[in-house]
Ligand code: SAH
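Read the single chain below, which is given as structure tokens and is the form predicted alone.
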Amino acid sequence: MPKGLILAIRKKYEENIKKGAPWIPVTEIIGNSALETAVSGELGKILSLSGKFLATGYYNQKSYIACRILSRDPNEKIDASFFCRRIAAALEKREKLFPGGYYRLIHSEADGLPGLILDRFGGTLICQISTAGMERLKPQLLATLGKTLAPETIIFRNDVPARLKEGLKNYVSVAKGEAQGFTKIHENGCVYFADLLRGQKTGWFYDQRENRKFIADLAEGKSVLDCYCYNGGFGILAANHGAKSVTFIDSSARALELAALAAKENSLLESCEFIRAKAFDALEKLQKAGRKFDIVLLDPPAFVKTRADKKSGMMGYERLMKLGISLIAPSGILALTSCSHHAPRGELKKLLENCLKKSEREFQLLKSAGAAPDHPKHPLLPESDYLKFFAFRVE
């Protein structure tokens, strides 16, 4: 660790660090000459004003979140052994939850490795680094992955907007093995397919695993609409659980290709319909045609990406909900998900309930949930509680 890099924290923020806060804003760090010349992502010791050790983290003066904490042990070195301990601990937890090697292995701060996402697809690992500090630690990470998991393929999907705020360039690269064609995923007793090089985020959304199972358990003998279906996560499982028909909607030809491939792999094609269109256009067309479904699942991308988007984004959720209500058959199920951190759970729930009240149809909230347990929440990081899932019975 560079001896000269010391991060002195303002008195009022010391308690936050002691309580477990994983981040330090630039406004809470007292500047010194060493910080002015520090390399982005450089490791440093975090000290109280009295000189007491608080933590070790990495520093980036280009980011508002100037420091992210790695360890609170003054004797712990941030090397390959450090990564080995963190990854081994996460691996033990995931295998108890979802044995078989298909899950999110590292969920950034919640697993003590800020700036790092690791998704496991059997013998393939998708790594996503979003911070300069973790980028500098990439050699230690690679050395650890080879020892602890021995993957056949390692892919870096370092193409997220957060990297730009850290002064990093975006790239996608294969660090080990080969990445060709589509990758099989095993989840909830179904086989799916993902494009790990070109798909959204890391290619698959493990966070919806348990919400998919909830919908599928209600689907036997029902007609299902899976809107914003992506690779077919909700709809394929519903069909596998005995849905009489599933209609998939997405604007991406590749997403629908993968959903159809999964339907074929699971011998479900006969009950599946695929519509390539923009979601609102497709829903309005179904509405005009008088179509009704026993289950309507709406899983849009984030409508509220920033605070500035909140008003327009919430209007988008309202419009989507109204269309969904119009397509629900009597005593049907309407489910909506949101991955928008800036759409608070309570506000979104109230908006959805108001839409249902205005429809003058009786309803019950069946389930309010979040992400699957391989996406743990950090107790002092509200951003980690990003996924909202609401399911209503509509009479």
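Quick caveat, the model's predicted, so the values are computed rather than measured. The first residue of the shown sequence is 1; numbering continues from there.
Below, we turn to the form predicted in complex with this ligand, even though it does not appear here.
- By the 4.5 Å heavy atom rule, the three marked residues Y317, E353 and S368 all fail to count as contacting this ligand in the predicted complex.
- Within this chain, E135 is remote from the site of this ligand in the predicted complex, having no heavy atom within 4.5 Å.
- When this ligand is considered in the predicted complex, Q200 lines it closely, a heavy atom lying within 4.5 Å.
- Within 4.5 Å of any heavy atom of this ligand in the predicted complex lies no heavy atom of L91.
- Using a 4.5 angstroms limit between non-hydrogen atoms, L269 is distant from this ligand in the predicted complex.
- Only one of 111-119, 260-268, 288-296, 245-253 places residue heavy atoms within 4.5 angstroms of this ligand in the predicted complex, namely 245-253.
- Put simply, of H241, H107, R157, R212 only one has a heavy atom within 4.5 Å of this ligand in the predicted complex, and it is R212.
- Only one of the listed residues (A279, A175, I325, A80) places a non-hydrogen atom within 4.5 angstroms of this ligand in the predicted complex, and that residue is A279.
- Of the residues in 374-395, none comes within 4.5 Å of this ligand in the predicted complex through any heavy atom.
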